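Single chain ahead, written as structure tokens, the form predicted alone.
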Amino acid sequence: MAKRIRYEDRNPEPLMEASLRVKSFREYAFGYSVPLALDEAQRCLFCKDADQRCIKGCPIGVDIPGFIKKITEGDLIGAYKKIIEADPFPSICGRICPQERQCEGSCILYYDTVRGKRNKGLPVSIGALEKFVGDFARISGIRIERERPKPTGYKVAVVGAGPAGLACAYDLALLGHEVHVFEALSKPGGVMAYGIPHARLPRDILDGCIKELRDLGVKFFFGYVVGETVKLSQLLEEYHAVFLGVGAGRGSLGIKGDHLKGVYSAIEVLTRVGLYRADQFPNSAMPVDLGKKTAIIGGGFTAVDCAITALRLGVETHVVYRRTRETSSARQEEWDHIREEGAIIHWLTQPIEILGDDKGKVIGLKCIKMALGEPDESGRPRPVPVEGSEHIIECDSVIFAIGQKANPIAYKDLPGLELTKWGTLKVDENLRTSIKGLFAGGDVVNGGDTVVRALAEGRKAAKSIHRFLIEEVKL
């Protein structure tokens, strides 16, 4: 009998009840069991043109049908090997990638709610399957032994221990180069360590990835604010090449009242809780005070992560976004998750002023309702103000989850370094900057994108650095 292929019965990932998950920072998405993973994998059609569909939709180029096929065959080790050919951190990417806008958004089974185009059902849950395989390998203690090349004698400095820097260091170490990573904070991981709540990415998973790098011989140096503690020009003199992956952690505010007490950047809130565990204060050294009500401005991943954090701190949480849910950059399911947890979401709402009392403390956020107008340069309908719709959202704090910019501290001593009109580093197709021996990738180049895209750029830069060392640097 021919095997029945089911198109619409996608297996949802089991979740902790909303009333329970808001009480702690435990991970709330439990992941697939073996039967669920096998059943979901069997929904894949293994398209002949997958290189133009799901694989093309994956920024790092994972052989998606290849690893899913291994799952259907019961070969989970083979599935893991397939994934890490392209993605060194599947347990991380399976959790935090926006799959619906990438690999799953290209699946032939996709049902496009934005354009109203129906195919054969919901896409294969690629992210949950990648997470399942990564967790299987991690929990089982499986280690893929790699042939270690002989040391090349070349030394490379990586500035920033975020996803771009870690991926670059990973590949350079596998190529036999000596790699030193300089990080300003006290722990590695960048946005994965400070910007993503523990409820979405438990830190033991990140710690396991860092251990892999240490086992490959990568050395980490913490508390190094490149540009202050050590100059970038100095690193260029001491190392054969330098990769700059400092991210885009500088907040950009810019509305009336943003100086008031109780106004935070998203990075500040997420770092205090995610890295320094302000949620455990006074048992931790770092507090955070959002009051009883907070208003989060933004409609992307960072805004959702701030909402997840604020809700677990017991704060009434309002999310204010000037566009619609459909045009937001966060995952659709995550809007459902925070709404189930009690977040109040204000779509088509534009903040215009932060209000304060006579002591300079936040008491509210003045907003105006918006309507969708003609498309802007991005192709999305441009929000336009609705006359007479001004209103106030009462709150004790405001969190800006928009407008992150590259921080120029790291490269301020290189006057010849070319920048784009947006203030990001200008690089060529090989991620080389205008300074010989200096390469860059991740948010400091693209201005703020996903973790997986930063990983992809880190790996691409490693290949480019390797070619540079072999072809242009004489030992």
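Model, not experiment: these values are computed from the prediction. Residue indices: 1-based, along the sequence shown.
Beyond what is shown, the protein has a form predicted together with a small molecule; the following relates to that form.
**Q** Heavy atom within 4.5 Å of the small molecule in the model of the complex: which of 175, 348, 206, 185 fits that? Just give me the one.
**A** Among 175, 348, 206, 185, a heavy atom within 4.5 Å of the small molecule in the model of the complex occurs only for 185.
**Q** To verify the annotation, which of these, 196, 310, 398, 241, has a non-hydrogen atom within 4.5 Å of the small molecule in the model of the complex?
**A** The residue in contact is 196.
**Q** Three residues, 299, 326 and 383; all within 4.5 Å of the small molecule in the model of the complex via heavy atoms?
**A** No: no residue has a heavy atom within 4.5 Å of the partner.
**Q** Of these, 440-448, 414-422, 37-45, 427-435, which stretch puts a heavy atom within 4.5 angstroms of the small molecule in the model of the complex?
**A** Correct option: 440-448.
**Q** Closest heavy atom of residue 190 to the small molecule in the model of the complex, within 4.5 Å or not?
**A** Result yes; residue 190 sits at the interface with the small molecule in the model of the complex.
**Q** So in the model of the complex, is the small molecule close enough to residue 168 to count as touching (4.5 Å, heavy atoms)?
**A** So residue 168 does not count as contacting the small molecule.
**Q** Residue 133: heavy atom within 4.5 Å of the small molecule in the model of the complex?
**A** Heavy-atom contact with the small molecule at 4.5 Å: absent for residue 133.
**Q** Does any heavy atom of residue 270 come within 4.5 Å of a heavy atom of the small molecule in the model of the complex?
**A** Within the cut-off, so yes.
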